[in-house]
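The chain below stands alone and is given as structure tokens, in the form predicted on its own.
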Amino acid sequence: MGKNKAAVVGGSVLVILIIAAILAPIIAPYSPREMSYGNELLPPGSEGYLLGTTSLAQDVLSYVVYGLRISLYVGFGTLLLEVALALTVGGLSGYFGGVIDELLMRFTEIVMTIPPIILLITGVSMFGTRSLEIIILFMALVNWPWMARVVRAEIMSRKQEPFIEEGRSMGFSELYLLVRYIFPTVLSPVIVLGTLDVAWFILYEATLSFLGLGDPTSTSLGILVSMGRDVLTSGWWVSFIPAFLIFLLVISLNLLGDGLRDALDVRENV
């Protein structure tokens, strides 16, 4: 990956953003929801407000560094749950085949026929009280089929390898062989696909928050973008700065994912 300059840039930007999120309590001069009445819509560079303020007199810098935490928490939290679901369904389907494969893949195809964002909005809208955990759960539930199919394909191509046959002859159970010897061999495509999926999860959460379907108690970047849409002419920075950070997160993850795909020699169709 070191030879892929774009991937190095993407990885470097992602690391910087992660560090900024971790150091949010140190970087943020104010509480992200603190309102300093009389300082509404101050432009970037104003004394005491490096990135300006919102129409509610909230410090934009403080809001966005804490917003990065939300985006990364949602992105990687959803990824962990997605990987668990994909490895379970794809692993069982690819390794055991037969009726199990048929049933699981038909269910997977049904989920894949519905656009994820439609399923996500419908699912989240069912709850009167929305939290980040509910959003993470539903994002994982609507996105796991693609990764599950990749896992299934990889396992089907590897389950007849000689070392698996040797394990069977030594009396190891099928489940032990699957978890101990086959799952590690499919990590490369899962890592690549997972890196790209995190970018989608961040976009999904920002979209839900922009539409008013996110967690209203969070400092989501999508909420800040939504707050600024009514003051685009007088306070462009309120929407532009969080939108730009979302862009940086997404593009850095995509560049990193492309670099990992080349470095790990993952097939292009993954």
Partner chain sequence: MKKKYIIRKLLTAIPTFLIATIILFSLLHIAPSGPVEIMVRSSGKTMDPGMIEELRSQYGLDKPLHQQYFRWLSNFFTGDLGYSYVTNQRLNSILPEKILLTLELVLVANVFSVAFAVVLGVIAAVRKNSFLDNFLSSFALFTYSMPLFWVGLLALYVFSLKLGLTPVGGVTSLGKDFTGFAAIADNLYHLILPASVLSLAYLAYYFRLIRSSMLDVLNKEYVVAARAKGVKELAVIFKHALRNALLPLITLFAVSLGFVLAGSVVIETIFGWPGLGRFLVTAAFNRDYTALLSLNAIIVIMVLFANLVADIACAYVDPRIKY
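Quick caveat, the model's predicted, so the values are computed rather than measured. Numbering follows the first chain given and starts at 1.
Same protein, other form: the form predicted in complex with its partner chain, not shown, and the subject of what follows.
Exactly one listed residue, out of 73, 172, 127, 181, brings a non-hydrogen atom to within 4.5 Å of its partner chain in the predicted complex: 127. Here is the short version: of 85, 114, 156, 191, the single residue with a heavy atom within 4.5 Å of its partner chain in the predicted complex is 114. Among residues of the shown chain, residue 107 is one whose heavy atoms approach its partner chain to within 4.5 Å in the predicted complex. When contacts are judged by a 4.5 Å heavy atom cut-off, residue 203 counts as touching its partner chain in the predicted complex. Contact annotation: residue 140 falls outside 4.5 Å of its partner chain in the predicted complex, judged by heavy atom distances. Although the partner is absent here, residue 218 is not a contact residue: none of its heavy atoms lies within 4.5 angstroms of its partner chain in the predicted complex. Shown here without its partner, the chain carries 118, 212 and 244, all of which come within 4.5 Å of its partner chain in the predicted complex through at least one heavy atom. Across the options 77-85, 156-164, 181-189, 99-107, residues that bring heavy atoms within 4.5 Å of its partner chain in the predicted complex belong to 99-107. The partner is not shown here, but in the predicted complex the stretch 226-253 reaches within 4.5 angstroms of its partner chain through a heavy atom at 229, 232, 233, 236, 239, 240, 243, 244, 246, 247, 250, 251.
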